[in-house]
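Take a look at this one chain, the form predicted on its own, written out in structure tokens.
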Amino acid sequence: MRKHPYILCSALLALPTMATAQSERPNVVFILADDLGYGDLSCYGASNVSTPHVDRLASQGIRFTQAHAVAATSTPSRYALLTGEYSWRRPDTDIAAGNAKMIIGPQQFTMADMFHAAGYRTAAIGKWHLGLGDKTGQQDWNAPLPCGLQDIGFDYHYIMAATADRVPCVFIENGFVANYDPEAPIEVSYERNFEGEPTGKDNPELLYNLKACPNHGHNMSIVNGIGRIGYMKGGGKALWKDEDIADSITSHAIRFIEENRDEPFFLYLCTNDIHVPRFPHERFRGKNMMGLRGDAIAQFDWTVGQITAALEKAGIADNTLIVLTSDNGPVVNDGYEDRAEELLQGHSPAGPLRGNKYSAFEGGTRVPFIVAWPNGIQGGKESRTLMSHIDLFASFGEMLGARIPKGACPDSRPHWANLMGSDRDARPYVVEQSLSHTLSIRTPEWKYIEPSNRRAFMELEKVETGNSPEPQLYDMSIEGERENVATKHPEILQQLQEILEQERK
């Protein structure tokens, strides 16, 4: 049951608003890619892969070049986007296991809650990775889950519990395993294997689709010829096939659009393609010079094309606002022998940026960010306005004229005008979080990375973490974060250190 009645809430905050009339409010579609880098799209400079559908969307709207995810990994990035709260304020928002309990609790007011309260139909489709159920490791996957997305504002959901490389390898639809097979009851553990079940470590001959890299953790239960993180038994006909994941996500999103074409809707659509294990449909495999990772980017672009075509077919494309972005930066070698690093052939997934997923450098959090809305935005624009996912909650609240409970979205600030292409009142700085919890402050001119004694390089992933025992300051008019100028600009360093201290308080 819901724990906070939205409309009757006694302590409500009204955001300053540019809200349109109810009949003119746009549908809102968030397309959140997984591990898509700043340099992975042709409209952001990629030459080894073609993304015509994304490029078309960019030509119809605004392509932002200074937009940032809150964190360099998935779970904390998504938590912050949906709650408007920095994930580093909580100790339980690191990369979640597939059997983690709900990280966003029913008592929290989410972005979905806000749209729901404004009269929108709401849906989450695709990757979730924010936990399910009310107790970690104690979910009964053979019955309706007692705590789920219906408790945090989503009217409909068809989701993966975590990621494709983690069990359970089934879709959850409205709190229950989709296509549940009573002949194959599901058991999940992240502690020990189930008796008699093969693993990637002990039975590598069963890894007929993708082999895992040694010492990387993707060598536990085998599903669809691919090793996973965690142990799973059962599933039967409910188990997904990796090559069909994009089709399943896309078809359910299109169905939601078709069924709600006559009322405003908010669709949180999270794709999986580029995250490991990369195993796109055979329609895409072998078509790109960069191998499976390039094929996966092309498959993501196909999904974007399918969604925009569905909106056009439904006659609602002109009044649908689309935000396309990524949860964090890219990673190439992340646990499977897919030759992704070998086949880059000059492609830079992070473009000109230093670092990748997991990193405190720009490549970890600066992401593609496109906003298109034919009825509200003049297309073909580029914006260098500094943006952060953290502000999407309050910015859409500004558009809706939403009344938000006190204490909700505490770190989100309304920047609707920036989303619409104005650089007025831009955010003065953004806060970024790396895998190791190292925080950074990024202004339009400078980047400060706080000192950290954690490792400076991830050997298996070949990622610079950005960690250093010394404070780092970079002049952002020079792309690449190559020269630490902290000793040359002590006054700037002190100012940014003080800002970070204030944020922590």
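The structure displayed is predicted, hence computed values, not measured ones. One-based numbering along the sequence shown.
The protein also exists as the form predicted together with a small molecule; that form is not presented, and the subsequent description refers to it.
Under a 4.5 angstroms non-hydrogen atom cutoff, the small molecule in the predicted complex lacks His252 among its neighbouring residues.
A residue is said to contact a partner when one of its heavy atoms sits within 4.5 Å of a partner heavy atom; Gln299 fails this definition for the small molecule in the predicted complex, lying far away. At a distance threshold of 4.5 angstroms between non-hydrogen atoms, Gln108 is out of contact with the small molecule in the predicted complex. Interface membership of His157, defined by any non-hydrogen atom within 4.5 Å of the small molecule in the predicted complex, is ruled out. Annotated contacts: Asn356, Ser440 and Glu481 are all free of the small molecule in the predicted complex [non-hydrogen atom within 4.5 angstroms].
Looking at 139 to 147, 72 to 80, 110 to 118, 97 to 105, the stretch with residues near the small molecule in the predicted complex, meaning non-hydrogen atoms within 4.5 angstroms, turns out to be 72 to 80. Among the residues Arg278, His347, His415, His218, the one placing a heavy atom within 4.5 Å of the small molecule in the predicted complex is His218. Between the small molecule and the residues His389, Arg366, His129, Arg293, the one pair within 4.5 Å by heavy atoms in the predicted complex involves His129.
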